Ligand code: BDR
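In the form predicted on its own, a lone chain appears below as structure tokens.
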């Protein structure tokens, strides 16, 4: 595929398990030119998250290595909140436990290092350089992107689109009854982004929960397609999938972040509705809730739609894309 058909992309991530699967897809996708991966705290602290991204790059060995830059260490206003209990203490399924037949570590010391550049500067530079060509795929809390808006709103507004894994429109939250994890961790940042004026596509729990990946499928895949990548996917998803087994009775996981990358590659995978959305920042029980105005008599002149919310997904086509790219 010629370069004229590739789209410059930045992935903004908090370095967890489903983030890793999403990054594998992006690195292997010819339609995406992954310029940089900007990292922030969320699933895990920012340093470990950056190492996790570098680990994925080292395993995939893409022709071009994207820049990896560290950003925000905590939410805009709130104290940090992580998901180490779900993703493992390293955010990646505790890779240190895996050994080769000879007893050596399967995942040795990293040889790659993150850039010394600040993630927020990387986002702003890319917005300046690529303008409306650039898509940002946000897989974690929106702290880096909100910080970039606060630092230089006009520049970040040049971005063509932000695809956000976050929120829940017509379904309940997953970290609380009201909120999806990424918006719950930093609702203030999510609301800054909602007000940005940048075209936003929301890949929330409405569609993410329709893309399940059963454990047995991962194990079959690792048996059939023996490679560093398939072994890594089997290894890193173990603890994460066991969490779903123990808490939801489903031994597998949902492909939240990979679906966001899928939508960046092929928007026709989903059907969307344009809605006006706000994120609750004050609520005692509803903090982080993404509230879409779904009323028949909504007032679009005062509150114009600011988000294309994904409500349906062609699961079969998406799963084919997922397997093609891993």
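Every value quoted in this text rests on a predicted model; they were computed, and no experiment measured them. Positions refer to the first chain, counted from 1.
Heads up, the form predicted in complex with the ligand isn't pictured, but that's what we're talking about next.
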{"item": "Options 193-201, 124-132, 174-182, 98-106; stretch whose heavy atom lies within 4.5 Å of the ligand in the model of the complex", "value": "174-182"}
{"item": "Candidate spot 168, 207 and 308, all three touching the ligand in the model of the complex (heavy atom, 4.5 Å)", "value": "no"}
{"item": "is_contact(residue 139, the ligand) in the model of the complex, heavy atom dist at most 4.5 Å", "value": "yes"}
{"item": "Proximity of residue 290 to the ligand in the model of the complex, heavy atoms at 4.5 Å", "value": "no"}
{"item": "Contact test in the model of the complex: residue 52 vs the ligand, heavy atoms, 4.5 Å", "value": "no"}
{"item": "Residue 38 within 4.5 Å of the ligand in the model of the complex, heavy atoms", "value": "no"}
{"item": "In the model of the complex: members of 252-277 within 4.5 Å of the ligand, any heavy atom", "value": "256, 257"}
